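Just the one chain here, laid out as structure tokens, in the form predicted on its own.
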């Protein structure tokens, strides 16, 4: 046996780890490929090997991930770390790069669990050095213990408040929190609050974060609009209005955040059908109740299937695993149904909380669809809103047509940072729904690779064979 697995799991966050634990325990030959050196994904990054002396300062929602990571490390699935998957074929072939070489393996079933990415925040100056996402600030903290004193945090959503609170617990100075949550969102979300009351612990934590920030004396500017980052070669500050007053804050580091969206490049490149989620304002794979996509051997679990949060992602990973065990003939449908029923019920209870969060932190139109002509949309190819509008006026109506005229979406990020903005702008300019516009057509390789990696190619060999239950 050299290169054949029952299930290949791509991504080792909560969903991928849970899928691997469940499937390998049931006897499937499982391999997990992850682009990081350790399992955990973004949410549990380095939770078992943190550079911080006291990880409790990052909060229980982080430290509780250690148990799942340890369970995953002990499970029988083969783990391939620091591996970048750049092709998933319709024959189950997976090509990936690791340590400067390429390799291949095959699997009968594939679970894509690559998680989420932060929603682009296209405001004037967001492309300048010194501007990062709040999630990137958290990655620096979890990976290397690096922080930035005197930063301004701007945007909305639970992750933004969490990273500010984490900074404060570590004694890091925060210059200001500029909250862009629209005032009308609070009223609109109020009607959905009863559906979220089954998760009062989560709601209480959110309120606690805001109180923690206020008690620390950090200036909080609510209902902020008209954001613009000042600077020519480097971020120098943030200008905005709040409650009818203009403000300008000096800062060399500005961290932006307005929620997360599914990371779709892999599911797009595999030909999976996608739909537009109007509540979350993002594309997501079209799935059945088991996480199965329109491509027979591919399932999606976790936030890559639509934003659901870490706890629900872990449940969805288990659910997908049970279904794939049925497809492999390793368990009966009745067995899978028995295991999956409580998972489905728990996931259903999370939906009420999700709808409330989605509505409360729904980002304003002006922060998703830039209005100033000079605002950069595609940072890789340096294409502004004005340049894209000019191409639209020349006849480009679909994202690929816009790409053909301007090269937007053709840079190193392969459209990750501009894809949703382009879809929404084109829909706005044509006065139609986003579904009618679509998204970039993506294909392999999903990641940048060089000729040296291609030249150093060999099939991957399994670490060991695993006994399969009859």
Partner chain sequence: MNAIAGNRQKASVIIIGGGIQGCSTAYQLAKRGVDVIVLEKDRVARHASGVNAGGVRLLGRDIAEVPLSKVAMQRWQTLDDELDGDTGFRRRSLINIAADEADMQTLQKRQALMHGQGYFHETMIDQQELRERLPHVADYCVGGVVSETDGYAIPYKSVFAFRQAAARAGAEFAEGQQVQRLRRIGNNWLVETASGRYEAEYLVNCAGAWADQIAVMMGDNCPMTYSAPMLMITTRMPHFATPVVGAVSRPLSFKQFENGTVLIGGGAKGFADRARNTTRLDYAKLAVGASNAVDFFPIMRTATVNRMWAGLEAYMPDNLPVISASVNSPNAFHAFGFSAHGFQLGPVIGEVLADLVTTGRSEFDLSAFRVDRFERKVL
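Computed from a prediction, not measured in an experiment: that's the story for all the values here. Positions refer to the first chain, counted from 1.
Quick note: we don't show the form predicted together with the partner chain, though the next part is all about it.
With the partner removed from view, the residue among 210, 252, 147, 398 that has a non-hydrogen atom within 4.5 Å of the partner chain in the predicted bound form turns out to be 398. Listed stretches are 194 to 202, 373 to 381, 243 to 251, 123 to 131; the contact stretch with the partner chain in the predicted bound form is 373 to 381, by a heavy atom cutoff of 4.5 Å. The partner chain in the predicted bound form comes within 4.5 Å of no heavy atom belonging to residue 25. The closest non-hydrogen atom of residue 53 lies beyond 4.5 Å of the partner chain in the predicted bound form. Using a 4.5 angstroms threshold between heavy atoms, residue 63 stays clear of the partner chain in the predicted bound form.
Remark: residue 189 does not count among the residues lining the partner chain in the predicted bound form, judged by a heavy atom distance of 4.5 Å or less. Taking the partner chain as it sits in the predicted bound form, the stretch 84 to 110 comes within 4.5 angstroms of it through a non-hydrogen atom at 86, 87, 90, 91, 95.
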